[in-house]
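One chain comes next, on its own, written out as structure tokens in the form predicted alone.
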Amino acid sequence: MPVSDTVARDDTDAEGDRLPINELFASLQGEGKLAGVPSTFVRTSGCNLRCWFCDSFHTSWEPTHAWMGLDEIVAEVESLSPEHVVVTGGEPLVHDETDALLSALADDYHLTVETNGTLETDAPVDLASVSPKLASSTPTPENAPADVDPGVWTERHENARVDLDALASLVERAAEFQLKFVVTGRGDLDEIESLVADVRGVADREVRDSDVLLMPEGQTREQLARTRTEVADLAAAFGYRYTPRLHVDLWNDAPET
């Protein structure tokens, strides 16, 4: 259920036991360790960061959504077939009600949470899909989306994009985890290596090279065609995993994919 005609509200302006939902649909997981698995996606609106290359523009730069009660969301999920549910955004953990939603779904579904790694959760999570944001993600007047002035977000994003305590908590508490980096080029690898080392230094859990995934930046097939081979070569050279973006390969930049 794509939602594009609702009034945008402040990122964390949740009302009672409701969540701002941008999309709720069934498709294939396109990224990470579970790529190709049929999944129901619950996409919340609102984010505490502003990546210039954000592939869900209407959950961050121009958030749009409908407010749905938790029982309504659960009923919609139950009406669909997949046994895997992906709670994503935006940044779903900016909303306290996301924890309640995860708890409500935990007994019946495999739960993935897609998060930028700056916020923690005590809710049950089967796979924490953590995508720490690199310096190359910071918006500037030169790289910001068309007709968008990044304004205060350049500094705010840069200052908030990495939280080691939150990263360690997500790695330690979830049943499984993956560190999934959006890679714009070879210049990102030094920071990835440094950040992985930092997480290994603070997390009370082993972070294997196979838990680190490199994903090419690109929102369309044409953009991915320019980046995927270089990123795959980097993954092979550094011993990390490469993850495709199957939804882009299959459906380009169509909604509900």
Ligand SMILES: C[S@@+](CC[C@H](N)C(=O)[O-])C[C@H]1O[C@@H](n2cnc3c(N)ncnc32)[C@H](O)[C@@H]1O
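Quick caveat, the model's predicted, so the values are computed rather than measured. Residue positions are given as counts along the sequence shown, with the first one as 1.
We do not show the form predicted in complex with the named molecule, though everything after this point is about it.
Please tell me which of 84, 133, 173, 156 lies within 4.5 Å of the named molecule in the predicted bound form, judged by heavy atoms. The option sitting close enough to the partner is 133.
Residue 63 versus the named molecule, in the predicted bound form: is there a non-hydrogen atom within 4.5 Å? Contact check for residue 63: no, nothing within 4.5 Å of the named molecule in the predicted bound form.
Heavy atom of residue 54 within 4.5 Å of the named molecule in the predicted bound form: Residue 54: contacts the named molecule in the predicted bound form.
Is residue 231 close enough to the named molecule in the predicted bound form to count, meaning some heavy atom within 4.5 Å? Close contact is absent here: in the predicted bound form, residue 231 is far from the named molecule, nothing within 4.5 Å, heavy atoms only.
Using a 4.5 angstroms cut-off on non-hydrogen atoms, would residue 215 count as touching the named molecule in the predicted bound form? Yes, contact at 4.5 Å.
Just one stretch in 164-172, 103-111, 84-92, 69-77 has heavy atoms within 4.5 Å of the named molecule in the predicted bound form, so which one is it? Result for this chain: 84-92.
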